[in-house]
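This document starts with one chain, in the form predicted alone, laid out as structure tokens.
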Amino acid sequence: MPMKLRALETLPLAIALLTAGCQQSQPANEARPAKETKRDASEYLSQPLVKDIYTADPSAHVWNGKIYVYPSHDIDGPTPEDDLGSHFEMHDYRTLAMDRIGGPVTIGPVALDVKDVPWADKQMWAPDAAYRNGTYYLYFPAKDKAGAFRIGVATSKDPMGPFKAQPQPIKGSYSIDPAVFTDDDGSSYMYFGGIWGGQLQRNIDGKYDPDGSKTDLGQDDKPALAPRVAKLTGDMLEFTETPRAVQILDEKGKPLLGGDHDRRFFEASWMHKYKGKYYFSYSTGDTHYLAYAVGDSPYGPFTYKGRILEPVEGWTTHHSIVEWNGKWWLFYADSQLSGQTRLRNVKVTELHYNPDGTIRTINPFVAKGAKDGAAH
């Protein structure tokens, strides 16, 4: 299990490692893992959904009775590690499909490649998808020619793709990790943002600052940098409004502080609804937790409630939560197959609620002699 890191003590390393939260993979037989994992497969709560390619950051959806997962596709490229995560060189997406949890998984063909996105230059990180009126939408972050992360959208009539990208990124978008939630009234919202390598701190006013000097991430006694949310237009291609901050509060109604590394937002937004409440979940980054907060509106504010998942094998955690066949499921990733932070594999396990609506914390490892309801 990764050791806990302090943000100020390890910022350069963390930038490089964190950005793994949004990448891509190539066939395992073409990758070059640096080391073997130390744990036996029986020690993991769940097993990888696929082993032919490396996958991470799974966004799961249920359409037409099937489960579709839109992950990053990790590759082992030639770029040396650096503090900006340049070695996370994902450049395309592959969709996963299954008829049931625990059943066979189909790996689709290339759904979208960076060379087919007019405005994008490189590094297609964690995506999400949505559906409306016969069209499937793939939302993805990528760096533009100036090195700034923007969020694009591509469309298809098939959930597996191929997807055709819009010629320009979504106006007013920035940073990484788009997650699109459609409410009961049909309104759709995009949540996004990631600090450090995800560049949220470089876009405080919505305008890209190349050196990030406008924000000091070391302000531990100030409210933490917040993820963003914006309502989407009816055609799902643009924002209807300027993105606004998502407030995450403590039990006393005060904003979580930048120094609260166990609870504050880092990246990997996800929204789902359970019994009329809005559950905003996210990764804490350098402390490796999946955390969640609950609110009464898709805009928040959201009150911190606890952890969904303890630290996995690897560095970052990025997830999705979906209901299927009367049960709730957590999709996540670790580095079981490769032992490398940047070469990950997607997994799934059942998620359970307590009677009061809180979520039971999941341990990604199995205690000796114990089994938990994981999907293998």
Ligand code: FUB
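Please read all numbers here as calculations on a predicted model, not as lab measurements. From 1 onward, residues are counted along the sequence shown.
Missing here is the form predicted together with the ligand; even so, the following discussion is about that form.
Mapping the unseen interface onto this chain, W125 counts among the residues with a heavy atom inside 4.5 Å of the ligand in the model of the complex. Interface membership of D177, defined by any non-hydrogen atom within 4.5 Å of the ligand in the model of the complex, is confirmed. In the model of the complex, at least one heavy atom of F88 sits within 4.5 Å of a heavy atom of the ligand. Using a 4.5 Å cutoff between non-hydrogen atoms, E267 counts as a contact of the ligand in the model of the complex. Partner contacts here mean any heavy atom within 4.5 Å of the ligand in the model of the complex, and among 346-354, 39-47, 62-70, 311-319 they occur only in 311-319.
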